[in-house]
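This document opens with one chain alone, in structure tokens, the form predicted alone.
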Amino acid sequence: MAAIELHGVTKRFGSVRALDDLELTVPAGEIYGFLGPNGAGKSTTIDVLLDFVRPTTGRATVLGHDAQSESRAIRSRVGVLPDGYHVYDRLTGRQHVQFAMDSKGIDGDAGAILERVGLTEAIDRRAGGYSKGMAQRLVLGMALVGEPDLLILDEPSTGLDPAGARRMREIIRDEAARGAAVFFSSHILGQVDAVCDRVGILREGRLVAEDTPQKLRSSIGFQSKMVVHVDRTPSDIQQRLSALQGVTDVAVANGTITVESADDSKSAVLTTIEESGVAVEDFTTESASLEDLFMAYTKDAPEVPA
């Protein structure tokens, strides 16, 4: 059963079309990064999944439930960290998590949840004294209550320091490992690249690209640079590497071979070098960042099938 399914979802606000015949499927256990520029329709998509807005046409299902007619059943199995969250200044961290457990009608250990998100020392402090990053972690803890089958995280890294962002990534991976789907949008593209199984890029309400980050790089033709350090450089290595499919440039100098190629050619490059009889002492690679892909798909590249 898919965690999320959108079929032909269109949403209009007057003359504005926020979503345009959107098709999207996220299976259980997958970490799915949802990207797009401001106004692309990301928040509207999340609002449709949670039945905060109704689609003009089309159908949305969450964990096998219709998003409109079975929203109560959905919310009992979903954890949400919204972008525009608010905490209650006078309630402690423990009281916030207890409130989330009471809302879902479950028992649990608020202290264990807050320890997991790194708020052990602030459990019984009022949230009004929390920093923005601490409040972010608190709301993430509330989303984790009850081991939800789906986590919807809207900008989960906002306000987090590097240690907090690393903890957030670890939690996301752990949740996926136990079988939950994780659906999150973020403007911090390095976070998405580091943790996602697949990425979907939204533009003007339509999904213009969807795949693993590596395959998206290959599909748009971005080149990778590989710098290989060898014990010696055979006289014919430049010619042999240049003949490989996907290789666009080869430079050889002082025990270093630099190759520019498509991402999926890197393995063939290393194999060819090793088969030439030299020892590969070390190598580094540089690939297009997810930010490069984002800019290409949202500004420069034509729309491609999702």
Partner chain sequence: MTWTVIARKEFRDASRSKLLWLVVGLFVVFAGGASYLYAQIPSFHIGGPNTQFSAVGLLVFLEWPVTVLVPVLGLLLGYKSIAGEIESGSVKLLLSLPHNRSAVVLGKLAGRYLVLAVGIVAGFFAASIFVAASYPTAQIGASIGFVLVTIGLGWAYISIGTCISALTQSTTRAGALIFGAYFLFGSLWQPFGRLIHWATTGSFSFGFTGPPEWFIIFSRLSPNGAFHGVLSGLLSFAKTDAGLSAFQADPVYLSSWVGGLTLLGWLIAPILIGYLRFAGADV
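Positions refer to the first chain, counted from 1. All of these numbers come straight from a predicted model, not from anything done at the bench.
Keep in mind that the form predicted in complex with the partner chain is not shown, yet the notes after this line are about it.
Of the candidate stretches 179-187, 161-169, 68-76, 224-232, only 68-76 contains residues with a heavy atom within 4.5 Å of the partner chain in the predicted complex. Think of it this way: in the predicted complex, the partner chain has a heavy atom of just one of E204, E147, D211, D83 within 4.5 Å, and the residue is D83. Only one of V53, A262, V252, L63 comes within 4.5 Å of the partner chain in the predicted complex through a heavy atom, and that residue is V53.
Residue contact check for S103: one or more of its heavy atoms lie within 4.5 Å of the partner chain in the predicted complex.
A residue is said to contact a partner when one of its heavy atoms sits within 4.5 Å of a partner heavy atom; V139 meets this definition for the partner chain in the predicted complex. Using a 4.5 Å cutoff between non-hydrogen atoms, A122 does not count as a contact of the partner chain in the predicted complex. Within this chain, S131 is remote from the site of the partner chain in the predicted complex, having no heavy atom within 4.5 Å.
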